[in-house]
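Before any questions on binding or motion, here is one chain by itself as structure tokens, the form predicted on its own.
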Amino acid sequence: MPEVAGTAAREEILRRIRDARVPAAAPVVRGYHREGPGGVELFAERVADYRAVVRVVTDVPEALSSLRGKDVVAPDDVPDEWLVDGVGWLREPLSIGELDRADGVLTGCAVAIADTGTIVLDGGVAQGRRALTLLPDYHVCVVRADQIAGSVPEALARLQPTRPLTFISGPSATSDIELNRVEGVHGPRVLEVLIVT
């Protein structure tokens, strides 16, 4: 009668499984950091930690006068007041070669993050397409004080998830080879941030 014994054993196992009481999982405490102190000072300090050149300014055209004599790419929708005299402003459409030969690019941003010293571009107003900020070796980015969020969650709440996002924390750099820092591998070697108060 081995078949009867096997059936009885199987039924006993299934009964035990059905009767098993699985205790409810304990709630997981998630104390994520959602808000940061924010502020111009913290953002300036953190982005400077990544070797960005940071200036806090009140007059953008005056700050941009340092671009005179250079050929600089500007997205079509940057404010007219940013297009100071004496700069060779390059406007779209531009080829990859033209972008590569430019002295720099001027953009705005979508949001900046004080906690991490990060600038986020989403292709919106005054930002242009992604290639503009990857090919020229110098990027000057204008950040208004009201665009600075305290933390990453605060910044993400301000962004459209369907837009292409580019996160920038200082000049492009890598330490992949023998831990030696090399700048400009995947983008500009110089990032200048103008924080407008």
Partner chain sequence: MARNPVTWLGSPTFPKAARVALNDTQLRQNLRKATGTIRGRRAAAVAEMDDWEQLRVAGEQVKDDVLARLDTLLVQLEESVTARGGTVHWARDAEEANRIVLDLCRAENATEVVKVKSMATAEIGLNEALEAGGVHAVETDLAELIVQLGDDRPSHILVPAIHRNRAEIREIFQRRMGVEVSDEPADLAEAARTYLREKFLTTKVAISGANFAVADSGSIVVLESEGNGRMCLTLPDTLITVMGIEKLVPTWQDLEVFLQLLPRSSTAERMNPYTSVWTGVTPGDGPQRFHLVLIDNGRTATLQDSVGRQALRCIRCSACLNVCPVYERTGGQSYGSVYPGPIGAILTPQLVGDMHDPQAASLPFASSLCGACFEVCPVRIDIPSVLTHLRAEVVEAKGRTAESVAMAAAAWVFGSASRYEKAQKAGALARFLARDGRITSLPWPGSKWTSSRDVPAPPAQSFRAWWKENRCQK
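Residue numbers count along the first chain shown, from 1. Since we're looking at a predicted model, the values are computed, not measured. So that the term is clear: the rigid core is the largest set of C-alpha atoms that superpose within 1.5 Å between two forms.
In what follows, reference is made to the form predicted in complex with the partner chain, a form of this protein that is not presented.
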Inset, instruction - Kindly indicate whether V53, P75 and P93 are, all three, within 4.5 angstroms of the partner chain in the predicted bound form, using heavy atoms. - result: no
Inset, instruction - Please run the contact check for G36 against the partner chain in the predicted bound form: heavy atoms, 4.5 angstroms, yes or no? - result: no
Inset, instruction - Report yes if any heavy atom of T166 sits within 4.5 Å of a heavy atom of the partner chain in the predicted bound form; otherwise report no. - result: yes
Legend entry - the partner chain contact in the predicted bound form: Q147, any heavy atom under 4.5 Å: no
Legend entry - Contact of T116 with the partner chain in the predicted bound form (heavy atom, 4.5 Å): yes
Legend entry - Members of 22 to 52 lying within 4.5 angstroms of the partner chain, judged by heavy atom, in the predicted bound form: V22, P23, A24, A25, P27, V28, V29, R30, G31, Y32, H33, R34, R46, D49, Y50
Inset, instruction - Answer yes if the Cα of A173 shifts by 2 angstroms or more between the shown form and the other one on a rigid-core superposition, and no otherwise. - result: no
Inset, instruction - Look at A157 and decide if its Cα position differs by 2 Å or more between the shown form and the other one after superposing on the rigid core. - result: no
Legend entry - CA of P27, rigid core aligned, shift of 2 Å or more between the shown form and the other one: yes
